[in-house]
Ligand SMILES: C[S@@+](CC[C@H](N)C(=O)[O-])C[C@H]1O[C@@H](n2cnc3c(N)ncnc32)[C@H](O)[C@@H]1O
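Only one chain comes next, encoded as structure tokens, the form predicted alone.
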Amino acid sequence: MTVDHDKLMEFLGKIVNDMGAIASAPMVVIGDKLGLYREMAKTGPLTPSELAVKTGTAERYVREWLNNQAAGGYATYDEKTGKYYLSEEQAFCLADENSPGSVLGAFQIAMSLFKDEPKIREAFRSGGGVQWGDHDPDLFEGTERFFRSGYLANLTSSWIPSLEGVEEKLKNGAKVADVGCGHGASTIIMAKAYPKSHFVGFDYHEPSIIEARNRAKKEGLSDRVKFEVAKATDFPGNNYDLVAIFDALHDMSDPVGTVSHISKILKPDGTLMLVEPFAKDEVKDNMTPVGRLFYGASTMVCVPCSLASNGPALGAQAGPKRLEQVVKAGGLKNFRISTSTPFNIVIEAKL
């Protein structure tokens, strides 16, 4: 074997960068859970001792944490004053979980993946799967927090308006099902934006439904937002104007059966909105930083979830052509990509 020294150094540089990111993931979770980011955003430049006092933490740990954050570009160090602060952009992503740019949930998901590694390693050997509900609980909360920021940024401002005639129906009063709703972030965002419409969120994971009900109650939406435990292939109700599935169809054990059920309970002029991870049809076109992220998450969560019930394991990078095959096999003849972002594609499907 002949090793090219320059290429070796370049590859080792990638590894060092990744190792730094891995070591920093729990740092972000700690900064989030202890309120370190929030205090920095609220107060402005602080010394380690000042931040420690304000957050009730130990100065020596805070100092080391701040240096990690500054070295990684997640905080800013002023060498003249010895103080640390968050730029507007850093605060936008790290200090407010309700920001449309929040990334806090992504790091919580990362922590859950490490905890679940033994289960996935065994699935590699057996060829079996891991049910969604059998993952570490950080996955459920982290997923809701991570996706909620994207929904806040896009759902009612661009995704729904990209669908033919749907926004007008929602403004006038429509019946909506949110399938695979998890903790209900997408359902609640839609309900707050369209007060004349009624929404039902469905998920087979009962703990998530319980949490979603609590959140709807807290938001004062329980009169027109309901959450029920049900499978995607047989959830109740009919004559829906809109059925939405957010980042979930590719996880399912029977995606064709899900679409088939939806095709029977939509109104004749109803719409299925699918929000799926952004992907191209050819593997070579997904060799990107976003593709890397999604393939990793898919290996740890999406594929095991589908295989746990002998599903097709579409994966998070299924691509438009494969999704179109699923939708049309389920009985919805009209399929189009209505809009997209760097992280999602939005699909409109109709009878």
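Worth saying up front: this structure is predicted, and the values here are computed from it rather than measured. Counting begins at 1, following the sequence as shown.
One more form of this protein should be noted, the form predicted together with the ligand, which is absent from this view; the next part is about it.
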- Task: Look up in the predicted bound form whether Val303 has a non-hydrogen atom within 4.5 angstroms of the ligand, and give yes or no.
- Result: no
- Does any heavy atom of Ala230 come within 4.5 Å of a heavy atom of the ligand in the predicted bound form? yes
- Task: Indicate whether Tyr84 is a 4.5 Å heavy atom neighbour of the ligand in the predicted bound form.
- Result: no
- Is the gap between Trp132 and the ligand in the predicted bound form 4.5 Å or less for some heavy atom pair? yes
- Query: Of 86-94, 265-273, 218-226, 247-255, which is the one stretch near the ligand in the predicted bound form, taking non-hydrogen atoms within 4.5 angstroms as near?
  - Reply: 247-255
- Message: Just to confirm, with a 4.5 Å cut-off on non-hydrogen atoms, which of Tyr204, Phe278, Tyr240, Tyr194 contacts the ligand in the predicted bound form?
- Response: Tyr204
- Task: Please pick, from Leu104, Ile160, Cys181, Val259, the one residue with any non-hydrogen atom lying within 4.5 angstroms of the ligand in the predicted bound form.
- Result: Cys181
- For the spot marked by Thr143, Phe147 and Tyr151, is every residue within 4.5 Å of the ligand in the predicted bound form through some heavy atom? yes
